[in-house]
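Single chain ahead, written as structure tokens, the form predicted on its own.
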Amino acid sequence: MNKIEELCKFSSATIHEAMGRNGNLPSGIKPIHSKMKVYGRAYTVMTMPRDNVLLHRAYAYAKPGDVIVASCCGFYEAGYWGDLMSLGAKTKGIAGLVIDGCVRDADDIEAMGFPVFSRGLCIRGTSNHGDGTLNEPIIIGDCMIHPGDIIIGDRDGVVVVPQDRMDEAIEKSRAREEKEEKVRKQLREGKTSIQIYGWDKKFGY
């Protein structure tokens, strides 16, 4: 098991909390199906509003196991990605797509099992001017994403871990899980959360 696979055993929320509540992408970016999960190294894209040529290039150039992470410059009223691109990306071994924009052909994408995390669905088409950047740092929400950063996404959302902090993320996520398991044990024994955290004494509950 490599380190990315080890990290992806933890939920996005656990990793986010363990890393000091950093690295979360906007909450509007969710899987198009609740069971979808994605993990891998970021291949970053910034495309101009309503233009998707850079996304076609991204899945052609990215390495197997990469996650395409795309900024659409805040323009959401377009379907930047669809079933044909998903098929091409899946065939190349791309691990999934995380896009700060909308997609379309959701039923077909879901049926082929290609993980897509987006702002939502939009049937409106795109242009093909090709402006933007590939595999350079991008910003989504208040999170800076560098090529090669680790992407973990599940039903709760998406978290970004800087590639040089992967060992730290694994260690701290494991420690958080162990701590929470102790809390679960006490809850099963009948204690309340305010007792476990000492809030009954601190706040006089």
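Only a predicted model underlies this, so the values are computations on that prediction, with no experimental measurement involved. Numbers for residues come from their place in the sequence shown, where the first is 1.
A second form of this protein, the form predicted together with another copy of the chain, is not displayed here; the remarks below concern that form.
- In the predicted bound form, none of the heavy atoms of Glu171 sits within 4.5 Å of a heavy atom of another copy of the chain.
- Taking the partner from elsewhere, Ser118 is found to have every heavy atom lying beyond 4.5 Å of another copy of the chain in the predicted bound form.
- Mapping the unseen interface onto this chain, Val159 counts among the residues with a heavy atom inside 4.5 Å of another copy of the chain in the predicted bound form.
- Taking the partner from the other structure, another copy of the chain in the predicted bound form has a heavy atom within 4.5 Å of a heavy atom of Met46.
- Using a 4.5 Å cut-off on any heavy atom, the residues of 105 to 126 that reach another copy of the chain in the predicted bound form are, in sequence order, Asp105, Ala106, Asp107, Glu110, Leu121, Cys122, Ile123, Arg124, Gly125, Thr126.
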